[in-house]
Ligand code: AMP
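Only one chain comes next, encoded as structure tokens, the form predicted alone.
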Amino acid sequence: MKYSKLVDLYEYLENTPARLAKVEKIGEFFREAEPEILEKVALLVQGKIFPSYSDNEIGIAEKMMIRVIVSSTGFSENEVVDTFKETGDLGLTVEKLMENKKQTTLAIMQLSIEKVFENLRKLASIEGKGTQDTKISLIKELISHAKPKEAKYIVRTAVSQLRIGVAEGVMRDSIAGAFFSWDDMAGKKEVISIVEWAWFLRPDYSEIIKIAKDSGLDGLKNVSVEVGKPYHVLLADRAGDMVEAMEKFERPEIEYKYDGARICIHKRDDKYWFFTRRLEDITKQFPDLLEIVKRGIKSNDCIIEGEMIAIDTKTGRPSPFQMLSQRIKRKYDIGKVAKEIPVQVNVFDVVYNEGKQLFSETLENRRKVLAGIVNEIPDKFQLAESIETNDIDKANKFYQSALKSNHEGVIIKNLDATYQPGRRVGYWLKVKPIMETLDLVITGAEWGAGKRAKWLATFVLSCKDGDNFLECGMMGTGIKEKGEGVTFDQLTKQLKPFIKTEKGKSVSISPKIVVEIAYEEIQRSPNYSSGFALRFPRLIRIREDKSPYDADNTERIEKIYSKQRGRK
């Protein structure tokens, strides 16, 4: 299939804000694509070459792409950089320069989707001497044969900045519309929910689209988790207080809420994998945990869940999540940091055991299975601390013991509930002692002044609204100039790669970084696109364990707002 056809789709999607129109156009494209390239198309439409959970990275930074454009177009580096400053987009930069291209190609090859995908995927496997030159030559080969618009999208895909508004919900609905039909709205919702269920268990739309095409709805219904591949975990809701949470369930179980990272431990025979809730494979970062898990799991074939926390070597008490995040992100000196920041895992659920999925089992039954396959290693690998009670006094006493032990609070769980991957459905409720915080996404910022001029100093916060992000406040507190905690320098470095445009001191930022925010009050406001404004927002921490699509939505903000000062 010609790459130019995919480029036509990209252009349409980029210039079409209407979600339904996007879904229909993508679905039509999926139907027309040859079966052998359908999986590649599903990734490319999302601006990806590998599934989200893959460790493979293309590894093309802005500086390298500027070298590619220089080599491909014949313009000088200064000319390329000046154009980039003008456009703020390397894709627009190469398109503009290609229209006045100085470098000529003797034999123009018509690019295919397969060729573009193949060259870009090769970038991730290149290692050793001459890596940069080899990567440059692979992209240059594509750009040299590309038309200006084709070059724009090749470059954007290579630097992971496609910007055409295709989020996960759009992909879900597009696949549903491409291969299935329905008679009414109820039928449409059912089909979409089946596609979504399959994706929760196999979070790769290139795999889901092949199942949908080849095996239909029955194939999607029969999708199961696979040991060694991540899945979307069940998520907890927040409750206002213990009384509210306890009243929700006839048979509640109360469990410590640990200040750590959700971890999914997969085992098959003598092979082990560790995944975060963001689908990251962190097995290599935790060799010490691997040795513990080998002694702690009796099943030969299972997937169990728990919360991993860092332990202070001096006090033996839990350390803040930021300490653990250092280990999750570490790629070098892993042995050294493992000694400095030891970990503990508190397991609380099992979703698969000895060939059987357990999603349809109640929490009570899953906990019985879990207890039977875990060999506890005190202070290293153990069942999460919990009690079963309807007595509010006992529940409050347990809650206070969690806080005294340096944990965040508790989670109240419904013992009669099944497991719903990927969603907050009210089966688990969190109770914390502070006012409810919000997990929001940074979508803009302003450069500071004076001694903060080299840093981004104030930040635009946005909440999720469907597949979009709507602004709900500006934050500049809770961040330090130096010392412990999140610093302006750290936050600026994390956000810089995601800056889309700059105008004066203001920058717009792709929604990538999630932060936990405390605030004094939520107010109605016409100044922000969400319709709400946070009063005195301050940073609590960066949520390394959450993706932008895990952020809180407008519905939750409105719910909190309605509870303030007796509002109904």
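Numbering starts at 1 and runs along the sequence shown. Model, not experiment: these values are computed from the prediction. Throughout, rigid core stands for the largest set of C-alpha atoms superposing within 1.5 Å between the two forms.
There is another form of the same protein, the form predicted together with the ligand; it is not shown, and what comes next is about it.
Shown alone here, Lys101 lies farther than 4.5 Å from the ligand in the predicted complex, counting heavy atoms only.
When contacts are judged by a 4.5 Å heavy atom cut-off, Ala384 counts as touching the ligand in the predicted complex. Among residues of the shown chain, Ile411 is one whose heavy atoms approach the ligand to within 4.5 Å in the predicted complex. Using a 4.5 Å cutoff between non-hydrogen atoms, Tyr205 does not count as a contact of the ligand in the predicted complex. The three marked residues, Phe469, Asp550 and Asp552, fail to reach the ligand in the predicted complex, with no heavy atom of any inside 4.5 Å.
The partner is absent here, but in the predicted complex a heavy atom of Trp428, alone among Trp428, Phe75, Phe274, Tyr399, sits within 4.5 Å of the ligand. When you look in the predicted complex, the only residue of Tyr256, Tyr352, Phe84, Phe117 with a non-hydrogen atom within 4.5 Å of the ligand is Tyr256. In plain terms, the part of the chain that comes close to the ligand in the predicted complex, with a heavy atom within 4.5 Å, is 248-256 out of 182-190, 67-75, 248-256, 86-94. In the predicted complex, Phe348 is the single residue of 340-371 with at least one heavy atom within 4.5 Å of the ligand. Relative to the superposed core, Glu34 undergoes a Cα shift smaller than 2 Å between this form and the one not shown. Comparing the forms between this form and the one not shown on their rigid core, the Cα displacement of Lys63 stays under 2 Å.
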